[in-house]
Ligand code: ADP
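Okay, here we've got a single chain as structure tokens, the form predicted alone, with questions on binding and movement later.
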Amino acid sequence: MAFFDPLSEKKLLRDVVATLAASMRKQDFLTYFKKLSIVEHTKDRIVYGVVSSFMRDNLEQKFSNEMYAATIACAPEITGITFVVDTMIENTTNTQVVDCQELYKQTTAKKKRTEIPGHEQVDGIVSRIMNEKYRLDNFVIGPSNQLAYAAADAVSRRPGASYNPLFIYGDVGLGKTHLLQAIGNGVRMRLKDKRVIYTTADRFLTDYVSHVKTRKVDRMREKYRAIDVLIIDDVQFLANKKQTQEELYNIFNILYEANKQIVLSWDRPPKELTELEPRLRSRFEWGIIVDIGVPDFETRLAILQEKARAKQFILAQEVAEFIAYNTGENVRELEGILNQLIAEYELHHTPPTIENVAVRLKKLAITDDLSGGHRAARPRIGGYKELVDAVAAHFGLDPELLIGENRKKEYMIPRQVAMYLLKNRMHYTYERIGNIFSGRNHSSVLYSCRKLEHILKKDQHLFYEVNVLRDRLGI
């Protein structure tokens, strides 16, 4: 029988108990683990001591697997463990005993002091943990964000080499945070040796105040000097914080002169940042300034479809179009509605339809009235078939001939009216309208819609007929 020295033995036991505490339910650990000792420790086996036969039986029957897993995590050479009653375990002179309850309190107290939920330590700096779901390959590109995406992609491939600093601005919920975290994730994936800090302005402020209190501001600069990429989100929260701005100015210069990448975001362009010190504001203008604008209908639709695909949720095309049209301009709003629909489907097995989505949007006060006004979209009709049928009936035509390839003059205007309403009132894409009308191409549908718009400006009678149709259909 071989024993380690007392200090090593005690440390091993504390490590095993700490590992166990981290992997078990709090209630189970505090109920069944009171005091433990190591009675015997051979080359490949450990005999644990417990306070009573009751505790021994419970550990053997309920937690022997957990105890063994924690043991081999700390001592891989061990192949077996057993439990015995240790009559000396309550002896206060016995220094080889671990009080599990006390150790648990110490461990959790230490975590509360040193850990910040959602953050990690990177070379001594508190950095927010970047969400792996934010990547450039799942960022939906549209006319409103093309330049911002291109700049973010370039920075993630060659940090510090181009577009430094990169300044991204735009309103809330348009994708700034997605791009910033995607840059950080991209750098970490391609250049694993690069040290990346992603933080927010309020977290930077907290960090600075902490160093001021301990009179270690110079130490803060030294820590930031060691990183390769600094990403700060929502810089507007530093408004009127002159001392913090001064420190950011110093760190900015340190990193910039060392060709380290700096990425910042704000809700306005730098020239409008009147709450910032002029010299700090001028630093932001050294690199490239890009904005993320409000996404158009097609981009909102693509974003919604991408998020539904990522969540493996089937969303009918016409429902997706209805949501994209009626949920306005905020991407977070789109995702919020999608999450509501998924929850409703999982709880009540109710698939999303235009009707129940309209009710949901009204309850959430996203729009006041989905039955009329400039944001109305199909609350009374279920899809394109009803619209085509209504247009055909209004003009006294066969619906099949209306959507078919027949090019007789009597079908031209009614067909253009149907296409126009599908595009401008129900917000179908040109491609989808073309598919409905016997596979016509994008340019053909575009021409028909524009042709009708030109006619409506001159033909008051036809203008009246189209409005009658709109009122009848509720669009």
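Just count from 1 along the sequence shown to find any residue number. Nothing here was measured: the structure is a model prediction, and the numbers come from that model.
Missing here is the form predicted together with the named molecule; even so, the following discussion is about that form.
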Next on the checklist: I need to confirm a contact call. Of E335, E386, E344, D202, which residue comes within 4.5 Å of the named molecule in the predicted complex, counting heavy atoms only?
Outcome noted: E335
Checklist entry - Exactly one of F395, F139, F313, F297 has a non-hydrogen atom within 4.5 Å of the named molecule in the predicted complex; which residue is it? => result F139
Checklist entry - Heavy atom to heavy atom, is K241 within 4.5 Å of the named molecule in the predicted complex? => result no
Checklist entry - At the 4.5 Å heavy atom threshold, is G173 in contact with the named molecule in the predicted complex? => result yes
Item to check | the named molecule contact in the predicted complex: V196, any heavy atom under 4.5 Å | outcome: no
Checklist entry - How about H178: is it within 4.5 Å of the named molecule in the predicted complex, going by heavy atoms? => result yes
Checklist entry - Each of I303, K307 and V331 near the named molecule in the predicted complex, meaning some heavy atom within 4.5 Å? => result yes
Checklist entry - Among 282-290, 398-406, 131-139, 204-212, which stretch sits within 4.5 Å of the named molecule in the predicted complex, heavy atoms only? => result 131-139
